[in-house]
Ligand SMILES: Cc1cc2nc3c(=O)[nH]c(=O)nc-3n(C[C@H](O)[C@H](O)[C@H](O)COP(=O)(O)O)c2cc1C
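The chain that follows stands alone, in the form predicted alone, written as structure tokens.
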């Protein structure tokens, strides 16, 4: 059965390692027959959440920028995959800001159930992604119908293209195929 899939690439670096992971996930999902949309946060205007909580009543953010549009795409997606570089053992600031700005989704009848994380880190140890996983899990925990369904970790990738030949690419592709 075909699913609505949204992939959010949070790296600001064009053709970076996490974006390459996202592309492989997309390739697998499309081959499996899913409807996939990719959104890059690069060149987007996304302001910080003001914490006013107006969105909990209106289901819309008071800040009118690209995050508002992306949050609406998240609302109707059945599957969301976040691709992020790991900065200082945590998700990118852009990803965290987007998660915060998705607060208007909390009181809605959101469609997403399965959430995936595709992460690329310069560090060798797998634990380098633990902070990002914990941060994303905290967001997911606020949406009782959603769950973290899978994580792809790509370690020891720093410069653009370092991920070439990395087994994480095949893992991301297979994850997309098996949605």
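A quick note: this is a predicted structure, and the numbers were derived from the prediction, not measured. Residue numbers count along the first chain shown, from 1.
One more form of this protein, predicted in complex with this ligand, exists but is not displayed; see below.
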What is the one choice in 39, 46, 151, 122 with a heavy atom within 4.5 Å of this ligand in the predicted bound form?
122
In the predicted bound form, which of the listed residues (128, 26, 136, 55) lies with a heavy atom within 4.5 Å of this ligand?
128
Contact label in the predicted bound form: residue 86 to this ligand, heavy atom within 4.5 Å:
yes
Quick one: does residue 171 come within 4.5 Å of this ligand in the predicted bound form, counting heavy atoms only?
no
Would you check, heavy atoms only and a 4.5 Å threshold, whether residue 158 touches this ligand in the predicted bound form?
yes
Across 97-116, which residues bring a heavy atom to within 4.5 Å of this ligand in the predicted bound form?
none
